[in-house]
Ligand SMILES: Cc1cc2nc3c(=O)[nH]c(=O)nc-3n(C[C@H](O)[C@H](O)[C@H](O)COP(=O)(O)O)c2cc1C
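The chain that follows stands alone, in the form predicted alone, written as structure tokens.
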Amino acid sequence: MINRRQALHSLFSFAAASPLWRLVEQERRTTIYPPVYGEEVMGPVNLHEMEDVARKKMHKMAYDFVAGGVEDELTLRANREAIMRIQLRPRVMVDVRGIDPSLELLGKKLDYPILLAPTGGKELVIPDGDLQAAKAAAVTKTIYVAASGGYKREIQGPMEWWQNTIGQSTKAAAQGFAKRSQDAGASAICVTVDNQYQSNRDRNNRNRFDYGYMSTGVPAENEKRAPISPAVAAMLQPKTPNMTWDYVDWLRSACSLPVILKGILTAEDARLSVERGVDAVIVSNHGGRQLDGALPTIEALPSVVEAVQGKIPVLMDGGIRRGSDVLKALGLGAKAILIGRPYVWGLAAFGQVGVQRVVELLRAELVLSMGLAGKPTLASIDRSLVRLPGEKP
């Protein structure tokens, strides 16, 4: 006589052998869940809500510095609006049980095409904000494009980071910077090329913001500080107005690191980048924080991709808030994207784990969007996936 244990064993053995059971078990194994944090960190369900949490915790002056654009904020809004106008053309009846968002970029294997862009003023958000963001990048295994550097001395385990700069005014200074970056462990140099002058940011001017606060934080109301670099409306304050294409040669003469230019918006500059031996370009308008009325990045992307003819990778930043936004950029030819404000909102909301949560949310949304679009790998994503305004379905 078969006892109950034997009966249950026989039942489960039969079920496990059935095609339906195998399918259910396979789906269970391939289900992807982002990491789980405490209840407060798990509260925001998307990047928009992370900003809401951050706004409530931040000093208004600090929030306006991060959130604001330049002048009438036309380009700031256009970055988002242009992405929202693009539509996706999903394919069906495609086996997407395994979705792989990994890629190779400048000789490095990455798990997914999302990088952390260089952002200033993280000390406005929390003390040691730059280091906390770098630690989050190390945990989530993404590339951190840093305004400062030397992270490998402070972070345990492997980490990929690019050293960002707005340039130096002389060849000797550029060479010194390049050598220090390589010695500190950076894997590339990212040059922000659209910061010739301090832009005219109305929010900062209205708040009587002092750019010295970017490294010290906003002082308490009763704390007296001598002004360092006060924001003044329509003031012509130079940053790197003498930067030319020779700057690329200056860097190359002092180090062997890849050189990436951030701030390319035109086919003309994309072709020049290739001619001057640049290793990659980032289509960027500085998050709408430099020249108001500049092209939205997603609209500039196709012409830049066409101009480089596959000779160097093209990345993009500006306005990315959802995994489907990333998918649209990839469909238009971007190798990867960068986020800026979203991870700063995570930093302001919950510190290091807030940055991790932002990255992991966006990555999870991208994987899900790839599956729903019938694109199991990044290599399967092409121009046929997206429909620009005015194009036929």
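Residue numbers run from 1 along the displayed sequence. Just so we're clear, the structure is a prediction, and the values are computed from it rather than from any experiment.
Quick note: we don't show the form predicted together with the ligand, though the next part is all about it.
Trainee: Test of understanding: in the model of the complex, would R363 fall inside 4.5 Å of the ligand by heavy atoms?
Mentor: Residue-level check for R363: no, no contact with the ligand.
Trainee: Any chance Q163 has a heavy atom within 4.5 Å of the ligand in the model of the complex?
Mentor: No, Q163 is distant from the partner.
Trainee: Under a 4.5 Å heavy atom criterion, is G120 part of the interface with the ligand in the model of the complex?
Mentor: G120: yes, in contact with the ligand in the model of the complex.
Trainee: Does the ligand come within 4.5 Å of any heavy atom of R341 in the model of the complex?
Mentor: So R341 counts as contacting the ligand.
Trainee: Which of T192, T140, S273, S181 has a heavy atom within 4.5 Å of the ligand in the model of the complex?
Mentor: Partner contact (heavy atom, 4.5 Å) among the options: T192.
Trainee: Heavy atom within 4.5 Å of the ligand in the model of the complex: which of V359, V353, A54, V66?
Mentor: Here the answer is residue option V66.
Trainee: In the model of the complex, do A147, K262 and G318 all put a heavy atom within 4.5 Å of the ligand?
Mentor: Every residue of the spot touches the ligand in the model of the complex.
Trainee: The ligand isn't shown here, but in the model of the complex, which of 222 to 230, 110 to 118, 301 to 309, 88 to 96 has heavy atoms within 4.5 Å of it?
Mentor: Of the options, only 110 to 118 has residues within 4.5 Å of the partner.
Trainee: Heavy atom within 4.5 Å of the ligand in the model of the complex: which residues of 262 to 291 qualify?
Mentor: The stretch touches the partner through K262, S284, H286, G287, R289.
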